[in-house]
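Take a look at this single chain, the form predicted on its own, given in structure tokens.
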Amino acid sequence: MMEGKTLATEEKLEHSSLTVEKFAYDNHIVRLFVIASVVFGIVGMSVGLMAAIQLFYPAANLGLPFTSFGRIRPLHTNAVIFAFVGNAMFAGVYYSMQRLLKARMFSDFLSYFNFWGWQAIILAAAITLPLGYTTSHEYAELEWPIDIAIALVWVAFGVNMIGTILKRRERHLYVAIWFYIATFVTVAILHIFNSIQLPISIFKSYYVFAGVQDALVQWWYGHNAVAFFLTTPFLGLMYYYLPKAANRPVFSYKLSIIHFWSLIFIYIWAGPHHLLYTALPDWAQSLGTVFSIMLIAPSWGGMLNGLLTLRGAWDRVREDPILKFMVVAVTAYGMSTFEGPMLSLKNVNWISHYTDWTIAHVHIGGLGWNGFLIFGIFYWLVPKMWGTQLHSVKLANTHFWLGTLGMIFYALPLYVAGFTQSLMWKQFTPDGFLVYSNFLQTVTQILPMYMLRAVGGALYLAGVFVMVYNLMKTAYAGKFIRNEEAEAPALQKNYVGKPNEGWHHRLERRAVMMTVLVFIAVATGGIIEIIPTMLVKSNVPSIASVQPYTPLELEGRDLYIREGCVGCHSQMVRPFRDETERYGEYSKAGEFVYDHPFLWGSKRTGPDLHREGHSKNRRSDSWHYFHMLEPQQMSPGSIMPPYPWLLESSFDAEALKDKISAMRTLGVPYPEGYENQVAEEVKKQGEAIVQRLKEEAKVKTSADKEIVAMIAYLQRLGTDIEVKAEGEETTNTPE
């Protein structure tokens, strides 16, 4: 620390001999992002509350396609992650970066392009997701034109950031800037690689990767979207706003260095821990587990650096709601980053995966780390930009306790629900039979927990409304400072450094070099995990009986994706006794080679469907028909929403030609010219289903209805490995 003080003193003397330049910080762009964050936060949380209510009161689905759980769940996650948290991130970055670099943003045009472009993307998501335009990749559900827009806006943000760094008046880059650089570089890599799709139309595409490979790419992205969109930028914000609010220096500069470099290098490897016990190769699963455990050290190093910054200021924490929010946020970060590695241990994951335990874990991070840090920042930021004092400390404290109670009522019931689910799934009688062979028994048991979760969400949202009122009153009491005047000496050109300057100080003067090193650090893990899975054939052993979907089954699969069924149903039977007893043969890597995208899922609100069409589990076509029409009639107590529009709407058979052609381009072995036989094949398979519906339940429908395609797909699942009595493997291949 003495070395840092000496350097700072020498630089002050150097600056005193330079010409002082006057400029102005742009607060207007910060205000826009703050407003957008608050507005979309209310929208996203309200949609989340609606989804929570639907899980114990199915009538809240309203019987409409665009308000059904499967469609609004991705709307909730995208609105909260990219609209609420994303806009808050931009607000915090634009405010802090200008002051840390002593420079206005590089380009006002890029700043406002960033803002309006991001809001246009959010609006596009809010329209397309309820309409069913989705790729099904978790946290990346938006279709390809929106993905391109995201890339363009993100690059504009990055250019603006790098440009500001290059024109800065502060030689050394403060730790917050390191995390901002890592965020820009890594999110760009993740988004671009995960968005490699083959467009079919403006609203439809297929991922280039399939099955196991697609799953690895998705969770490499999905885990690191949490790491580098919800974590690293907020660590940067923590390093700026927590010391500002506490009026204390960061506890340890050296710990910051260790925290930063170890975190960004290790985090990128951990994605496969989302796929333990699946068809992913064991070596990739093991790598994910090892690096997940290693993550505890840098994560807790950052948490301790934040909390120890408050040394000597704990008396203020009891009185200052801003510090209360920040302390709980950092503590929630520590809890989440301990629990996450624990969940990556196979003996723990065996219990937690596909249950509500994971949902509780995610929301401790989302509500606690991201939400509370954002609230603390906004309470600190708004009075500064309006040149006044916070309207009401009492209201801010009220918000704090509403939010805290909301988190408790949200998370604790879901932990109980998760433990209950897993234990009920795995319980056997002394005679070796499943105690709860009917999956629905495990659902109805936890409905009270779902009700308490909704209470928690309502409390948390109520706190946000209190904040909105408090901040609006604060703004009305002051006068907005659109362009905040500032001055600083220009940097001396050709500066070569001081004799006693540390290695990291030298690196901080070389922003381009630091950016390159960040790229190398974050790209290494992805390359080592993903490339072998793509190129080494033994990672995905082939199965001769696995054949492409028929055109009607492919259409049904696309409808399954459109309705968001993957949000409640997995398609991955793991090699556990309880799962093979309940569902059938465990899933093999070679069964998914034609699945663009993969549909393994991450949560079982309903049973696994990978063996749904297998002879052991096969239900009649009429059962599926009425189950889609009135789920509670076929399964009393079910919380599944009805899908009456599937019975009424017809699919576009003509579009199937382009889909088959696209699949062939992706390597699916449809015969050349097969798309010309699509109409005939669809009619033949569809009329067979229509005839069975008529015979089984006197149902009258036509072969072009969406329900027919959905039934075809569900009845196909799990049949590729089914073996006939005489030993002949059955197939469903187009001739």
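Predicted model, so just to flag it, every value in this text is computed and none were measured. When you see a residue number, it is the position in the sequence shown, counting from 1.
What comes next is about the form predicted in complex with a small molecule, which does not appear here.
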item	value
Proximity to the small molecule in the predicted bound form, single hit among V382, M640, A176, V217 (heavy atom within 4.5 Å)	M640
Proximity to the small molecule in the predicted bound form, single hit among E143, E579, E612, E138 (heavy atom within 4.5 Å)	E612
Partner-facing stretch of 369-377, 557-565, 116-124, 150-158, counted where any non-hydrogen atom is within 4.5 angstroms of the small molecule in the predicted bound form	557-565
Non-hydrogen atom contact K346 with the small molecule in the predicted bound form at 4.5 angstroms	no
Partner contact for T605 in the predicted bound form: the small molecule, 4.5 angstroms, heavy atom	yes
Close approach of W314 to the small molecule in the predicted bound form, 4.5 Å, heavy atom	no
Contact of A270 with the small molecule in the predicted bound form (heavy atom, 4.5 Å)	no
